[in-house]
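The chain that follows stands alone, in the form predicted alone, written as structure tokens.
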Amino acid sequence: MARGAALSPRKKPRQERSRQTVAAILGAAAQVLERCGYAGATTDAIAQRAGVSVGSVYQYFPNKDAILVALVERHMDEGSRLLAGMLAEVRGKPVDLEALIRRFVDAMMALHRNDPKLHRVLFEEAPLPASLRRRLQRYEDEFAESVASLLAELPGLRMESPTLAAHIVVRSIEGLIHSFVLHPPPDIEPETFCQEVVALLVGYLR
């Protein structure tokens, strides 16, 4: 994968027509990556799928890797909005532990089940730059901090540190749901899996 400036968009779209072009390029890139994988995707194929010239693609993105980074950033923004909305719904309201964990599990399942083939390419096939992986880690750490504040307010929990417990909860849910959606075990329904994840973490916290 390219590095540094080669992973940044060449220019940001400022007019509605330019924003539509970039949206078309990213939408086409998602479809091409799903169908061809990281190695098989090309800027020519992306341009053709988007209905634009290759020159139009290069006007906004210097290479395929820059497009891929933009797709990961779009996914991160989507996840951030989803989880922020979930936290806003429960913060300051009476909620029990099982309901809190279930909401988190459901949110992560919804996020990961949206375009799982693309998710696999972005996070398992593509060599993401270290800077982007650090951003992903910061997002996870920030969310764990918010979860820690919620756990600290719940009665009857057995934990020495809400911060440690929150990191275990967040990373467990992320890892388990990621693995289930991208590599589903046979004959296990998502609802059954979610119930077991909730039971596992509620048991840990209590």
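We number the residues from 1 along the sequence you see. All figures in this text were calculated on a predicted structure; none of them were measured in a lab. Basically, rigid core = biggest C-alpha set you can superpose within 1.5 Å across the two forms.
The form predicted in complex with a further copy of the same chain is left out here; the points below concern that form.
Mapping the unseen interface onto this chain, I188 counts among the residues with a heavy atom inside 4.5 Å of a further copy of the same chain in the predicted complex. Contact between D77 and a further copy of the same chain in the predicted complex is not found at the 4.5 Å heavy atom cutoff.
Within 4.5 Å of any heavy atom of a further copy of the same chain in the predicted complex lies no heavy atom of Q20. None of the heavy atoms of V52 is located within 4.5 Å of a further copy of the same chain in the predicted complex. Contact annotation: of the candidates S172, S146, S56, Q48, the single residue with a non-hydrogen atom within 4.5 angstroms of a further copy of the same chain in the predicted complex is S172. Between the options L176, L150, L157, A70, the residue in contact with a further copy of the same chain in the predicted complex by a heavy atom within 4.5 angstroms is L176. Looking at a further copy of the same chain in the predicted complex, residues D96, Y139 and E142 place no heavy atom within 4.5 Å of it. Interface residues of 113-138, taken as those with a heavy atom within 4.5 Å of a further copy of the same chain in the predicted complex (partner not displayed): R120, E124, E125, R133, Q137, in sequence order. Fitting the two forms on the rigid core leaves the C-alpha of E174 displaced by under 2 angstroms between the shown form and the other one. Superposed on the core, the two forms differ at D65: its CA moves 2 Å or more between the shown form and the other one.
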